[in-house]
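Form predicted alone, single chain, as structure tokens, below.
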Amino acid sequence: MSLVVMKFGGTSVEDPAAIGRTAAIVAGRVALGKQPVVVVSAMAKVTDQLLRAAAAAAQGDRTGAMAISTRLRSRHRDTAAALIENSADSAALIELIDQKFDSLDEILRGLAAILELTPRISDLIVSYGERISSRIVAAAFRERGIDAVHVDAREIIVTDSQFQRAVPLDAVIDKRAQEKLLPLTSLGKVPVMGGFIASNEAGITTTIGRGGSDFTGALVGGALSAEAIEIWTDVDGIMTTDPRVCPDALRVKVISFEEAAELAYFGAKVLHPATILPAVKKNIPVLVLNSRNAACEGTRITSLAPHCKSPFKSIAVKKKLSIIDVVASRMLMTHGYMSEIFAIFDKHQCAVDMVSTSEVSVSLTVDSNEKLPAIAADLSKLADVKYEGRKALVCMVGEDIRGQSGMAAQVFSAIRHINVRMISQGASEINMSFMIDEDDADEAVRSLHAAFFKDPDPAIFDVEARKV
């Protein structure tokens, strides 16, 4: 059995037309003798609207929260009615949608009464996006001749109890997936489940973080030792950079797991940063594909990518960062000083992207968020502290950057007109990163792309698309 896990993002299930395209793609895989397991996100923008409804209710704005829920109910009902022609099936699906929204409304009314939005309640509210979209997609598949069956992802994806960013329990997931999904696939059925949502071992709803549907797909693929994991989105694959910044950006045909993981973490929007991990463990190739252009071969992510004649594969940018400078001339070399600094970031659950040290100071980069004043206050007990926002981290990924003589000189010559605030080279063989002002990020990317992708390797990049 050639089992393939197919994950479809929010834009691939955003309306009846998109769901119709998704059904055709899945039917095509079945026709080729593949056995799909399908993971879907909530319809585009639904998670954001559910979060707004939760926030409104928590502030006592019951009317506003219910208005958002009413609009979402109508959108899902209209989508179901447009997709399902059989009147009995359509009525049953719409009744199920109403039941889900009745339950959501009850939670929102309760939240408006207690005025306290906990992470646990937030997870429960946003879970409705995937719980409803997966039901609609499964019904649409059956309408189109695909033997689909809905599976509640919360029965398979089991996590700890860190609500909003729960950590999957791999051994439990492997066992549940094999027990619940393999009997279905062995009968030729196509399981359809929501991504992003999970439950802890007590059965309480959790989520695995924004963008977690990719992660769900990879977890299921790893658990079932799938032939491949397909991530269907609305772009042709991993690009040499954001095509909105560089219209001449190229599709990367093949890239290594390690390179893709670096790009995902440092700002590439195509993949969730954790997506690669389950695939790496089982050496399962990941394909990034476009549901709006299914004929495109996308990007193939493998354990070892072929050699590339070009020095870099892609340029990613992570914006909305801050630089924190910690200056303590008498303390820096004191034993345990660095551990004290990082203990503060750990206390506030704040991840650090880049670190640079000198004789008297430590500079760190973090996501700009509301915790910065509290972090700075704690750090000020150890040393003098200042922080600057509106920074961007530019990450250039390629093979053996550390081993190529003169590479840094070429990079910084290309952006010599831009002030560079921090540099990281050597910590990774495949990544060169630097910090600049956020306002300079797009110009830096355009300059670097012009310098390093003038003569791209046709074995690695879709050069023909540029000619067209």
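This one's a predicted model, so the numbers in the text were calculated from it and none came from an experiment. Note that residue numbering begins at 1 and tracks the sequence as displayed.
Below, we refer to the form predicted together with ligand ADP, which is not included among the displayed structures.
Per the 4.5 Å heavy atom criterion, ligand ADP in the predicted bound form is contacted by stretch 235-243, the sole one of 103-111, 354-362, 235-243, 160-168. For the residues M396, V270, A261, I341, the 4.5 Å heavy atom test against ligand ADP in the predicted bound form is passed only by V270.
Taking non-hydrogen atoms only, S447 never approaches ligand ADP to within 4.5 angstroms in the predicted bound form. Ligand ADP is not drawn, but in the predicted bound form it has a heavy atom within 4.5 Å of S314.
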